[in-house]
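Shown next as structure tokens: one chain only, the form predicted alone.
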Amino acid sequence: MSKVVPLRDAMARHVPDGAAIVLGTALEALIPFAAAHELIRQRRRDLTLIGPISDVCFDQLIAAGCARRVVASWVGNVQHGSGYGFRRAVEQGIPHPIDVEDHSNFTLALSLEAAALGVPYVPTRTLLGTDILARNARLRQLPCPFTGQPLVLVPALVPDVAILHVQRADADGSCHAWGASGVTAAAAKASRAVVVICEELVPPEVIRSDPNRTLVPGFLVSAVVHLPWGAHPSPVQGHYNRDHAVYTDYHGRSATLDGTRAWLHEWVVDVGDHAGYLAKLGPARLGALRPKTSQLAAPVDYGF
């Protein structure tokens, strides 16, 4: 049975107010910006945002008033530094205060890995001697029961839903992604539900033709959204490059509250949907982001 649904329906069905969502799991690539924009248009509230490096995706959700809590190792604009929406929320409570659970990239990955494994925590030596331990009350420092040496216990983190962007998926949700995948596989296994957004919707035999590349198996997936350019302005290897101009434009205009509101209206609310967003970008700008050359991997032989 096909799990393919429109983006609007997937977000309405699987991301209610108050949900804990993990996204941006491949670090600077494959960030599901279209899903975040749809949540802003649906005026979602009190979300917990979980992710290692979401670029300005988290910043836009926070600035739009969708988030109440952030569990992350970094929030900002990878290209320019500060995320002004995040800073206003933390420093001034605008549009409202948010709670922040501070992590390193590695402890956030371990939190998801613990949930994926079904264990309450994962011990590690990372963060010993750092001040993150003082800022995150959920991290515990205890002696190892075998050696007595100090360890940090990183508790499991179970998101309500993982929103993932991939290069291709079949209608059941089994999907391929290539390039850096970050903590995507662990996030999918850790979450109660998974929404997969794909550039290409392909027959199941395409996924089965290269089973080792399957990032998430379909039985973990709740919904599939076929949405080309759904990660723009972040890059999708083999499909399009990073649109640096968006990050520069957002950085300049989001420095003020009025500028942020104007940007969100112009590029998220007023365009109506993802199709409107792409129409505003225009075919010439999108075409310029396409890869200039192909670099195909060598085929593998699964014969016996």
Partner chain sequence: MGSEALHYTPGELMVAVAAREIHDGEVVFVGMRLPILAFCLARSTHAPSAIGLFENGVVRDSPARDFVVTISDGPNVAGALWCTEMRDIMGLLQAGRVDLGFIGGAQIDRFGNLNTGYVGPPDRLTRLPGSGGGGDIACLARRHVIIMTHQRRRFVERVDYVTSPGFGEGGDWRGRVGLPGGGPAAVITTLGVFRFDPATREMALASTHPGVTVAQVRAQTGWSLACAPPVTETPAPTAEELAVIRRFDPDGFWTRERG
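Not measured: the values here are computed from a predicted model. Numbering follows the first chain given and starts at 1.
Another form exists, predicted together with the partner chain; not displayed. Remarks below refer to it.
If contact means any heavy atom within 4.5 Å, which of 270-278, 22-30, 58-66, 42-50 contacts the partner chain in the predicted bound form?
So the stretch in question is 22-30.
Is R242 a contact residue for the partner chain in the predicted bound form, using a 4.5 Å heavy atom cut-off?
Residue-level check for R242: yes, a contact with the partner chain.
Within 4.5 Å, heavy atoms only: does E199 come near the partner chain in the predicted bound form?
Close contact is absent here: in the predicted bound form, E199 is far from the partner chain, nothing within 4.5 Å, heavy atoms only.
Could you tell me if A231 has a non-hydrogen atom within 4.5 Å of the partner chain in the predicted bound form?
Contact with the partner chain, no.
Hey, in the predicted bound form, does T147 get a heavy atom within 4.5 angstroms of the partner chain?
Looking in the predicted bound form, residue contacts with the partner chain do not include T147, since no heavy atom lies within 4.5 Å.
In the predicted bound form, which of the listed residues (P120, G93, P204, G81) lies with a heavy atom within 4.5 Å of the partner chain?
Residue within 4.5 Å of the partner: G81.
Just to be sure I understand the contacts: of L220, V100, A171, L153, which is the one whose heavy atoms reach within 4.5 angstroms of the partner chain in the predicted bound form?
After the contact test, the surviving option is V100.
Residue by residue through 111-148, tell me which have a non-hydrogen atom within 4.5 angstroms of the partner chain in the predicted bound form.
Residues within 4.5 Å: E113, T124, R125, T126, L127, L128, G129, T130, D131, I132, R135.
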